[in-house]
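As structure tokens, one chain now follows by itself in the form predicted on its own.
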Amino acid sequence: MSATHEPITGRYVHVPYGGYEYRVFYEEAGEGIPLVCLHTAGTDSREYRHQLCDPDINGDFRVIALDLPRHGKSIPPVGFEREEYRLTAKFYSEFVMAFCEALELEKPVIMGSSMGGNICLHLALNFEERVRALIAIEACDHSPGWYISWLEHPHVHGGEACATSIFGLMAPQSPEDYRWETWWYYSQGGPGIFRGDLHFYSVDHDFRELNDKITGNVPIYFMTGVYDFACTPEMTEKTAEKVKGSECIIMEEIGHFPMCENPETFKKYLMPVLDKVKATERETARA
């Protein structure tokens, strides 16, 4: 009896940024248009395991999911113990592009969720010439209130507190196994990482005065689940109304973690978006 193997392969790449060379872990599967996937706060690339393995997706896309530095298998920089981790829009957006450059990706599609969705706005503003399209999942221009100080209190078990705090953001219709799997991802973050990511999500990311500066030259697809109370459908819709070249898709029966809490439902909404990306690619090739 032969073993069952998934098509995913994992590798490390050294990414130069800011005078330091980061050792970054990433997983990939498939061939075609590069599709770089950004995980949510405090977790890692495992959130995208279903999309990496889906032949309907990786048949036309080279799906790549990375662990940001300090997340998953991407170790922190030397000296991390001497500083408080606070993710910023500048580091996050520039590092994503440095990663794409290290892999020599030609105008990738960037797909991110939660903080990975919010950073798509910054990529649209500052790097539109280097990306093909942006898929901003559970994203909006301002998401205050989640930079929680007590997460680092010594009486709090950081892993369990982080994981349990996000459990209610998932839809009740999502399969229980996948909801607990998402809980598991969140329980394994390094000390202070979830809170440090939330610094970007709730403090440094305030895009309200910048929406109208996006040119619309790069298509941006906003996708938000109806059970997300961190970034509600109304918050996403109001943002999308202000961003040129955007499309807003509200997803039923799904919450804040579409790709891992309910990959089947998410796929119903994602495939039409990927079809549009492919159609644009064909039109560009014919021009």
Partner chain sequence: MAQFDSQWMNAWQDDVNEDSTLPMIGRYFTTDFLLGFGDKEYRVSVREGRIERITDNLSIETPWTFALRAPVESWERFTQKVPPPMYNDIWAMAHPLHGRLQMDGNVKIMWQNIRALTWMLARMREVPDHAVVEERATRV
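Fair warning: this is a prediction, and the values are worked out from it, not measured in the lab. Numbering follows the first chain given and starts at 1.
Quick note: we don't show the form predicted together with its partner chain, though the next part is all about it.
The stretch from 160-168, 212-220, 103-111, 87-95 that comes within 4.5 Å of its partner chain in the model of the complex, counting heavy atoms only, is 160-168.
With a 4.5 Å cutoff on heavy atoms, residue 155 counts as touching its partner chain in the model of the complex.
Heavy atoms of residue 183 reach within 4.5 Å of its partner chain in the model of the complex, making it an interface residue. Using a 4.5 angstroms limit between non-hydrogen atoms, residue 188 is distant from its partner chain in the model of the complex. In the model of the complex, its partner chain lies within 4.5 Å of some heavy atom of residue 235. Contact with its partner chain in the model of the complex holds for none of 15, 20 and 79, as no heavy atom of theirs lies within 4.5 Å.
Interface residues of 140-158, taken as those with a heavy atom within 4.5 Å of its partner chain in the model of the complex (partner not displayed): 144, 145, 146, 148, 150, 151, 153, 155, 156, in sequence order.
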